[in-house]
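Quick heads-up: it's one chain on its own, the form predicted on its own, in structure tokens.
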């Protein structure tokens, strides 16, 4: 899908507080999403992703700033926007007592359309759950609920699809299938904005925005973010990772040291440091040190630290 320069989503200086201003959910957020783009909001729980998507979806009012979708104001033109978006909240919100088929028919009716009219949009997804179309939604697995929710969000042919952590709690196979589906929807011309706490999913977006404590840390393509890491990154392994991490964090040459699975990812303030320098400091025969390419997660941790 070739993206156009038309801005499908415009967010300008959006701020939102809770509990009479004591909790800052969003702090002066600004960004654009191009038509046809797959745009990711990446950050941990509590970062402000859900609040931001609810504002764009006209479900929540911001305290200041403005948001537009397809040039419609998200406050003044909320009725027009709700006809143009497909929204999939983080928590499964379809009718548990209705069957798959009944849920889909219900949402099609709300938007004055039919399953047949836009079946081409949901066909690749629906064929996977159609054998169970008479099963109640409350009895579905996590992956099947996810597919049903996406079908219901697409049945009226939205121009913008808003997905709030759609793969949280879903098995790895269903996660991969879901992102494959998003790629196909993008080729149909649908603009997609998706939030995720999973750093590996960030690589599948055209552009991503790192968000933490209501602030945007950076916006760029995944590759450009990795290319801008700016430090030599070392992978360190050994018999006692916790002990090694404690020693490294106390070292005067350490800029950062984090645990990544069975290894430590280490950055020194000294760009000339060698593996021998690191091993000499740790004085541990089990230690292995190698230079590695940073991942999106390494970049996120670096932005958070800065």
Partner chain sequence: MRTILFLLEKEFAQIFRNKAILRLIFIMPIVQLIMLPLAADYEVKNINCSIIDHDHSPYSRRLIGQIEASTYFKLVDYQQNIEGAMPKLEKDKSDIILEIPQNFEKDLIKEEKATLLIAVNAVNGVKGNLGAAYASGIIRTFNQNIRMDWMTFPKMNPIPEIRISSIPWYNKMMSYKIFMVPGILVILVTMVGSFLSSLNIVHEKEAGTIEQINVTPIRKHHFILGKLIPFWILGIVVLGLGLIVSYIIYGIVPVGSLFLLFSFAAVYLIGTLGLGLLISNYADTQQQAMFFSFLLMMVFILLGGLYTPIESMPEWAKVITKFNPAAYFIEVIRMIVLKGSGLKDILPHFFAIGCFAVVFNLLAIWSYRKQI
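Residue numbers count along the first chain shown, from 1. Here the structure is a predicted model, which means the values were calculated and not measured.
Keep in mind that the form predicted together with its partner chain is not shown, yet the notes after this line are about it.
Though the partner is left out of this view, residue 87 does reach within 4.5 Å of its partner chain in the model of the complex, counting heavy atoms only. Contact between residue 178 and its partner chain in the model of the complex is not found at the 4.5 Å heavy atom cutoff. When contacts are judged by a 4.5 Å heavy atom cut-off, residue 99 counts as touching its partner chain in the model of the complex.
Contact between residue 241 and its partner chain in the model of the complex is not found at the 4.5 Å heavy atom cutoff. Comment: its partner chain is not present in this chain, but in the model of the complex one of 198, 72, 132, 95 has a heavy atom within 4.5 Å of it, namely 95. Of the residues 279, 245, 59, 273, just one reaches its partner chain in the model of the complex with a heavy atom at 4.5 Å or closer; this is 59.
Contact check at 4.5 Å (heavy atoms) against its partner chain in the model of the complex: all three of 54, 110 and 136 pass. With its partner chain left out of view, the stretch that reaches within 4.5 Å of it through heavy atoms in the model of the complex is, among 115 to 123, 183 to 191, 79 to 87, 221 to 229, 79 to 87.
Shown here without its partner chain, the chain has no residue in 271 to 296 lying with a heavy atom within 4.5 Å of that partner in the model of the complex.
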